[in-house]
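First, one chain by itself: the form predicted alone, in structure tokens.
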Amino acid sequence: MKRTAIITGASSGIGREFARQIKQRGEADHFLLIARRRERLEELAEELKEADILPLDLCEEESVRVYADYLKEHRLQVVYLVNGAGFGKFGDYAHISETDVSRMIDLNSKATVLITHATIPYMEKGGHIIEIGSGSCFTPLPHFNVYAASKAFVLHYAKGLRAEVKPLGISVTCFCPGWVETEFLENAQTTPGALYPKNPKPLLKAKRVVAYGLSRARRGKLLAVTNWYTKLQHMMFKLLPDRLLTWLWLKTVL
């Protein structure tokens, strides 16, 4: 049976880079790629050679059922699950749309849980689950509030899940990058009237942060907090009160 890596959000950015690096290291013989954009998935599948695609919008519950049915039919031996699908929009309660709010919660939190639960029965001992958190998951962030809260959910979910699957020999890592040079930042800054960070730097390279995330997952680590800047933020989040952290964040967007 082929060792399979399942990547959601595989059509671009971090998800695509996870697929490429797992392939380069020979850690999977087969890939299942999931995202909305069929053409992008087909391009990556051709690059990886041994890959199937599922063009799905994971905000829709029917898509999760399609995924679960695929697993039942193919009985995969899963060595990696990377929940790379994610969605973010800047905007406060007065500017951000209900549609964007719902999609952030449904994709970042709900779909992450449902995809993970559907996959675990097909994972082998020594397998790795990588849940994509964020550098924003450690503290409240006004004007990016719903996204940050949805990623805080992912962090706590990963912590609890880690204990649940430990007896199965499966590791769980919450991958928490800072600002990464992908399509995400540009797409997040499209809410009319919203406030955005003045200088979202340092902008990290997806190749570098993914390499770090995979190294942490292979070692069975819970957190993969990338680069010195994000690690410093993480330390501050643990030491400083939320009120001060919120004030510091607002200085970057006002």
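We number the residues from 1 along the sequence you see. Computed from a predicted structure; not experimentally measured.
The same protein has a further form, the form predicted together with a small molecule, not shown here; the description that follows concerns it.
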* To do: From the candidate stretches 64-72, 31-39, 213-221, 189-197, select the single one in contact with the small molecule in the predicted complex, where contact means a heavy atom within 4.5 Å.
  => 31-39
* Using a 4.5 Å heavy atom cut-off, are D57, G86 and T182 all in contact with the small molecule in the predicted complex? -> yes
* Asked: Ok, L107, I96, V146, L161: which has a heavy atom sitting within 4.5 Å of the small molecule in the predicted complex?
  -> L107
* Answer yes if any heavy atom of S134 is within 4.5 Å of a heavy atom of the small molecule in the predicted complex; otherwise answer no. => yes
* Asked: Should P177 be classed as touching the small molecule in the predicted complex when contacts are defined as heavy atoms within 4.5 Å?
  -> yes
* Partner contact for S12 in the predicted complex: the small molecule, 4.5 angstroms, heavy atom -> yes
* To do: Check whether R103 has any heavy atom within 4.5 Å of a heavy atom of the small molecule in the predicted complex, and answer yes or no.
  => yes
